[in-house]
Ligand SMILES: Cc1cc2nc3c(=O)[nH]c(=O)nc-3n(C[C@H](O)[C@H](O)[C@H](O)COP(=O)(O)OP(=O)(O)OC[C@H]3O[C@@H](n4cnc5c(N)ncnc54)[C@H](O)[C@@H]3O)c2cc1C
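Just the one chain here, laid out as structure tokens, in the form predicted on its own.
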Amino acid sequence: MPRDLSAAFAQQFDMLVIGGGSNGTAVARDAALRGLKVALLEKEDFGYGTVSRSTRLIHGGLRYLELFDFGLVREGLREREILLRTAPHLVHPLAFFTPVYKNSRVGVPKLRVGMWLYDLLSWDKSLPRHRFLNREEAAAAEPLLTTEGLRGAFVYYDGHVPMPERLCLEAALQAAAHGAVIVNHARAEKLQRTGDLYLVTARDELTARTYEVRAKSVINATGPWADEVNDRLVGAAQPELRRTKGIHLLVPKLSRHAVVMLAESDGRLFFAIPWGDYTYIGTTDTDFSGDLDRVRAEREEFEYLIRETKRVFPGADVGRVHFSTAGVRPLVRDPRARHEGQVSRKHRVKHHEDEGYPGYFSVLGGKITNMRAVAEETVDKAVRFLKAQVKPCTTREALFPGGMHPDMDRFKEELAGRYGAHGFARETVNNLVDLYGTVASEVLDLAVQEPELARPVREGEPDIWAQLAFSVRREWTYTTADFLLRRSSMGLRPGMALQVAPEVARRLGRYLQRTDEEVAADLAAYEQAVALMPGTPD
């Protein structure tokens, strides 16, 4: 049955957020928790853009120390601690191994100072301090590492978010639990100001129906699409962003740790991040001016990452790429920055009041790590404009919906004991807790109530069909891509779930009462999305 948003948009909102990435969902969460009436529109799905193509780190940004951007690093390290505490099921500590070679651009003395500063700026951290490994210790820690010219390695700790898409989703879910109207697959097409209200025309991309949304303030939090949205809605005179492209490759496992490397050809820092039984390597940093919905990794970018990785891990099977991702960073334009890597990652919240749009704000730049802080600043500015009496910001302490247990490892043990009697494998329980946190018990309860949903989506893998049913009922899942790429990690493994996608599309069609033609169109859209994430032929 086609969805009808008429009732949802019948009320008047204090704030309309456009964009369902890290900044947009964080703004909606913060504003709703403070008691504002909030609506959010996302043209695709939560975390669809930059978030889903990121390096999946929650970090201060060690490399920003070279730019003397101490404030940004400190903010990131503070926000890392908050996320480790409030979303413990999604954000985990991760050890980073940083080898140093005889001819490295950054030698042992300089890197030692950087590590000391990183520890100092994270004085309130829960993670261990850095340590140094000598040449022999470093070689033993990473057997595939080249030892030619090796001086040693530093080990430090940061945060890892394997599914940042679900971090966005949980922010949206928490906003909805506090009264926000959250709508994905809906595009903001037109804006006009009437008296003290903005009237925004929203187009439902699933049904082609249009609706009018009335709000006292509007937040453009569309990441790299911000200039495009501003041009469409308020006719912005000049671009505010410098958009740069970054790619990642999923390759066979090459290291025991996350590894920080310096590219020999251009001195850029890049990572090799553990991803289950595989490794996720990236990223690049090049200016981009193309279609934001058609970004893909190009051959020369593949070759760059493979070449630079093999220089450090010559024996690794890096040439076999299972898939790639390509995304665009929304960096605040800085005419002083000649090269992409020199552009600051600092954000900016712009009020368009001087352009004749009071109460219209653009969130420019930012990182996943800093999403909460960016949202707090944005909502503070909107509240001042609205002159609203609201509750204080609570997002420093508020747990995400799945974070309602102090020890996720212990919670896994508890669920394994409780649901093992129903035949659920330990791997299934662990997978569900990694995705849902404490909400995993609700997915398992659904599978107990409807035994057909306890079956694995694919034999030998931990996902069960209850996840799809739950995501449709509770997580705004409308497409096969929503489920395989952003509600679960099934599409982010070798093969990209192409074998199970037809059955996912069929079941989704049954839940949403779709025609055979609509099911086929949904499956084709997933195949097109995967085609933009190419690997190397087997």
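Numbers for residues come from their place in the sequence shown, where the first is 1. Quick caveat, the model's predicted, so the values are computed rather than measured.
Just so you know, the form predicted together with the ligand exists too; it's not on screen, but the next bit is about it.
Partner proximity in the model of the complex, defined as non-hydrogen atoms within 4.5 angstroms of the ligand, places exactly one of 28-36, 502-510, 50-58, 476-484 at the interface: 50-58. Among the residues 80, 89, 347, 329, the one placing a heavy atom within 4.5 Å of the ligand in the model of the complex is 329. The contact with the ligand in the model of the complex, taken as any heavy atom within 4.5 Å, belongs to 283 out of 362, 283, 279, 309.
Put simply, residue 324 is far from the ligand in the model of the complex: not one heavy atom of it is within 4.5 Å. With a 4.5 Å cutoff on heavy atoms, residue 41 counts as touching the ligand in the model of the complex.
Mapping the unseen interface onto this chain, residue 186 counts among the residues with a heavy atom inside 4.5 Å of the ligand in the model of the complex.
Within 4.5 Å of any heavy atom of the ligand in the model of the complex lies no heavy atom of residue 163. Residues 188, 221, 222, 223, 224, 225 are the members of 188-226 with a non-hydrogen atom no more than 4.5 angstroms from the ligand in the model of the complex.
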